[in-house]
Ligand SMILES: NC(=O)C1=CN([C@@H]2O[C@H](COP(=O)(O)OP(=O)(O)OC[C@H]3O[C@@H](n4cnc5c(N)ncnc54)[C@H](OP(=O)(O)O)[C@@H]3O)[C@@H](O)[C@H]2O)C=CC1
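Below you'll find only one chain, the form predicted alone, shown as structure tokens.
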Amino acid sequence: MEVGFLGLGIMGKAMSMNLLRNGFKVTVWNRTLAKCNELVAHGASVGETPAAVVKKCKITIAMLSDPAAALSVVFDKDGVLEQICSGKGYIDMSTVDAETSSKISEAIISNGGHFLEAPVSGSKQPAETGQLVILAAGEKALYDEAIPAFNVLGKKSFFLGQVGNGAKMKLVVNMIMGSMMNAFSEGLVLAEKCGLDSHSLLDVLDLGGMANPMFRGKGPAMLKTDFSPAFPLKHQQKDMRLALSLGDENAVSMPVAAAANEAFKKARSMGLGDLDFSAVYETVKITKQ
């Protein structure tokens, strides 16, 4: 299967590499074309524009940073819409709001193409090891056709029905994750302030009902002030904002998520946006002085 891939950030690069390693022919595009070089060294072809990638490939996948980027790649000059047509599928794996996903879907389908939203749960390491969780919604026939690629990219795929459901599920998941990271950060600082050993706290948490891969994986690095970006904090804050908007639309009170969003916004104002989302820990450390 030949697959197009638009967007070679932390996630897109790892996902494209997985497809190449597993025998897929991949044509890549990135706004900064120099980012394609490493993929080319592993056998990828380069498309000069999103339209050129879509023209060449039956299925094109996008993994972009935010709703504005997702819309730009589709609607701008030399974008996806210029070449999407009958028999071609477009799969947007970016994390966007349901309204953005629906707008893209309508445009793709009105031009004769097929659309699937498929945001993923997981960050850099799961992307590198093909252990993402794929949250797809849209045209079931395209989902079935994409399963060979999804089986390489993820450990499990869900088909969630109509367009918008995948976007909503991803936002709910990331909202919970961001809220948990804030509570975890507060707990680490509180333990230290009380004179407790932070590493002992990590061991206690890992042996109880709150044990989870995020605390286990992020905790030791946080204590060493290692915030190498697996999932950039600026993207986590964007997802919190979109989740809160979804809460507004559905009249759901979300005070915990709102407080967590404020912490991520503070972290961005401190210049931490490009670091891992666990760098929100630094905002709590400041308040203990």
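Remember, it's a predicted structure, so these values are computed and weren't measured experimentally. For every residue, the number given is its place in the sequence shown, counted from 1.
We do not show the form predicted in complex with this ligand, though everything after this point is about it.
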4.5 Å heavy atom contact, residue 235 to this ligand in the predicted bound form:
yes
Can you tell me if residue 227 lies within 4.5 angstroms of this ligand in the predicted bound form, counting non-hydrogen atoms only?
no
Taking 4.5 angstroms as the cut-off for heavy atoms, does residue 219 touch this ligand in the predicted bound form?
no
Does at least one non-hydrogen atom of residue 11 fall within 4.5 angstroms of this ligand in the predicted bound form?
yes
Flag this candidate site as yes only if 7, 65 and 69 all have a heavy atom within 4.5 Å of this ligand in the predicted bound form; otherwise mark no.
yes
So this ligand isn't shown here. In the predicted bound form, which residue out of 108, 73, 175, 135 has a non-hydrogen atom within 4.5 Å of it?
73
Please tell me which of 98, 80, 91, 120 lies within 4.5 Å of this ligand in the predicted bound form, judged by heavy atoms.
120
Heavy atoms within 4.5 Å of this ligand in the predicted bound form: which stretch among 41-49, 23-31, 255-263, 219-227?
23-31
